[in-house]
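The chain below stands alone and is given as structure tokens, in the form predicted alone.
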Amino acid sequence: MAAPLISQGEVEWITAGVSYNTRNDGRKREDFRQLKVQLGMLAQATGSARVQLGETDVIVGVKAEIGVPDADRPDCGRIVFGVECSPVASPAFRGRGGDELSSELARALERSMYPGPSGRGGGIDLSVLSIVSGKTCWVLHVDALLLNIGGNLHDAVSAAAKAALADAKVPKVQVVPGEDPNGKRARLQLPGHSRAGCYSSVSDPEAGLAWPSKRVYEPDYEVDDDPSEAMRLDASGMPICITVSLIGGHCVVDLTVQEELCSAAAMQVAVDASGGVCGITKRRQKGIEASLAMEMIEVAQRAAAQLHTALSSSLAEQQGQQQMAVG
């Protein structure tokens, strides 16, 4: 992506303003721009949200489908993150121009929100997405589309992903005994055995079984499309990425495009609603001293409290309106 141009005089002006705790748009160093959240933007999605943070505009859709769990998490569902850069946001995104930024944003989401091996300890308890242990689970595809770039993309995408997952309603699914529609021979499972080698054909009179047996078919899944029966995900524990940048030796959050050109070092901190730090990633070229890194983490925790409060308030208001409309 081609970087916008900025003169040395503009860099000095922005840096001087930050040193006096006054930015071009009137904000303090730790202030965010106005946050706007709209839920349910995509009718065909399991959940969706559009987030506008200043001039930055992002829309995220969540789609649920039945899939196979990871081998190391047999009792958990999965979340797959993807980010697309629209050519509308920047001419540089035409063709494969936005692939590098898309991959970076998707990795940042996965690092900050994906839980540990147990499925717990992350943004969402993935164990509630399990259907049949080791065989089937819900797979949530979280896809973000960048509509406009006005600075601080990571934080905006992170907030939009949390809002979309909070809006998601996973359908109720019931596992029922399978049938044999093709008239194929059923399988016999010998009592006390669970391995595939302990199966015999029902239609084989020479099996010579000395104990009872029962037919075993692959299970079927009945998905209830009634929205009132769907399960709403608890996204309250999901962290939000807060990017703290250094401008003239001062810690600044929620940078505009012009301010980002004045910063040579930044730290991305994933912070949950309780103020806990869930992950840290160093960004940009310049190194960060250890003492300054601790200060940046503290700034991120204070800034995260603002963003979590604003996002939670907006989500509660809109979800309340949705419930009233359904009722």
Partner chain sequence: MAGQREAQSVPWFADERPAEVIADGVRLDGRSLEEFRNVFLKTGVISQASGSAYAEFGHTKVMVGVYGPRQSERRVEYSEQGRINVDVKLASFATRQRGIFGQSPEERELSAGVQAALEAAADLASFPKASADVYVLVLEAGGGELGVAATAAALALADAGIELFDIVVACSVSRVDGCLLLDPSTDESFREQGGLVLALLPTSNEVTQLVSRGRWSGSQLREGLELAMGGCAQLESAARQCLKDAVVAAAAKQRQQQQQAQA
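Keep in mind the model is a prediction, meaning the values are calculated, not measured. Positions refer to the first chain, counted from 1.
Only in words, not in the display: the form predicted together with the partner chain, which the text now covers.
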TODO: Work out which of the listed stretches, 147-155, 72-80, 242-250, 227-235, brings a heavy atom within 4.5 angstroms of the partner chain in the predicted bound form.
DONE: 72-80
Task: Of V58, V37, V62, M267, the one that lies within 4.5 Å of the partner chain in the predicted bound form (heavy atoms) - done: M267
Task: Touches the partner chain in the predicted bound form: G26 (any heavy atom, 4.5 Å) - done: no
Open item on the list: How about V68 - does it come within 4.5 Å of the partner chain in the predicted bound form, if we only consider non-hydrogen atoms?
Closed with: yes
- [ ] Report whether the minimum heavy atom distance between D272 and the partner chain in the predicted bound form is within 4.5 Å.
- [x] yes
- [ ] Answer for V277 alone: is it within 4.5 Å of the partner chain in the predicted bound form, judged on heavy atom distances?
- [x] yes
